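In structure tokens, one chain follows: the form predicted alone.
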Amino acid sequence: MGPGRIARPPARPPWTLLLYVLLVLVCLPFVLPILWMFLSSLKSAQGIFGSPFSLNVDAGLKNFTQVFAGYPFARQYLNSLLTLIISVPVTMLLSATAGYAFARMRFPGRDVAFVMTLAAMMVPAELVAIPQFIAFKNLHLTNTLVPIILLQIFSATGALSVFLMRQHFITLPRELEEAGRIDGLGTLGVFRHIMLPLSRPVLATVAIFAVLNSWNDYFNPLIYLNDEAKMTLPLALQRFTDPLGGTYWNLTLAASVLVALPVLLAFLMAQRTFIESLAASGTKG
């Protein structure tokens, strides 16, 4: 190439446009229901049953104000946030420490304990629901958020998190630990100052799974929570009914938007970390 000539970008293959069209068609079944939910949340109860994608949003933001005016939705929102704020960091901490112990430390019964942890992923939650309920009832913890938080931390998602962390720690070279011990670090220091900083992508994966598990949990709140003000958001969505038991679909959809919005915004802001963490856990785990 002579001086002063501008290099042209390589021509795109002719099938690139076809690939884009195919990707759009694949995305439509996922995007259209969300678009319908957002549009319907701005319509009246009668307008929802009209044309699905009509832009006649006759109710505007009225549905959103009614959600907070006639129901304890703000309190239920705080309940879900409180559950999330407690359960996610605890799940990350416990899975990291347990994964490190299973991967790097030798103690009697280690392999048996790890197999039992894996077995927790295979036991359906419905199978152990009754003994768990009896235990929490005897402790006078029903109708509180305590069993909800504990069952999210020690759920199948928690066991999966321990498995992911163990597989990650196995891949790290032992020379890193030896270098830390030469510098005077103990086991806790090696874990805190060397191993944990190298585990950020996998910890991000654990956090994502824990957030989704906590935010979408419907089964445990249905069993343990009776008072409407103590309920979490998945249960709150079914409470928008009229005196005859009919459903206020406009309010339900407005509340659904408010429930989905934090997760969607978090994904949009952290999608690069999300994809990198899944790729890292897939290649190293």
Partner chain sequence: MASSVLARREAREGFLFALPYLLGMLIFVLLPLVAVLWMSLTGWSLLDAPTFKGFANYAKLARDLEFRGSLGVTAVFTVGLVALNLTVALLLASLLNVKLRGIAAFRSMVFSPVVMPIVAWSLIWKFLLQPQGPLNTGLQHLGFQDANLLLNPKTALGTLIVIEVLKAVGLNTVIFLSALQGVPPEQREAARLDGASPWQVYRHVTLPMISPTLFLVFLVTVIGALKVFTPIWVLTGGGPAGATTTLIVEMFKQGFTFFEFGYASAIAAVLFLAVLLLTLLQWRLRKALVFYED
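The term rigid core refers to the maximal set of C-alpha atoms that superpose within 1.5 Å between the two forms. Residue numbers count along the first chain shown, from 1. Being a predicted model, the structure only gives us computed values, none of them experimental.
From this point on, the text means the form predicted in complex with the partner chain, which you will not see here.
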Of the residues Ala74, Leu198, Ile85, Met105, which one places a heavy atom within 4.5 Å of the partner chain in the predicted complex?
Met105
Heavy atom within 4.5 Å of the partner chain in the predicted complex - the one residue of Gly246, Pro29, Gly70, Gly60 that qualifies
Pro29
How about Val123 - does it come within 4.5 Å of the partner chain in the predicted complex, if we only consider non-hydrogen atoms?
yes
Flag Phe64 as yes or no: does it have a non-hydrogen atom within 4.5 angstroms of any non-hydrogen atom of the partner chain in the predicted complex?
no
Leu78: heavy atom within 4.5 Å of the partner chain in the predicted complex?
no
With the partner left out here, check for me: in the predicted complex, does some heavy atom of Ala207 sit within 4.5 Å of the partner chain?
no
Within 4.5 Å of the partner chain in the predicted complex: residues from 186-213 (heavy atom criterion)
Thr187, Leu188, Phe191, Leu212
Relative to the superposed rigid core, does Gly60 relocate between this form and the one not shown - that is, does its Cα move 2 Å or more?
no
Does the C-alpha of Phe49 move 2 Å or more between this form and the one not shown once the rigid core is lined up?
yes
Quick one: core overlaid, is Cys27 moving 2 Å or more at the Cα between this form and the one not shown?
yes
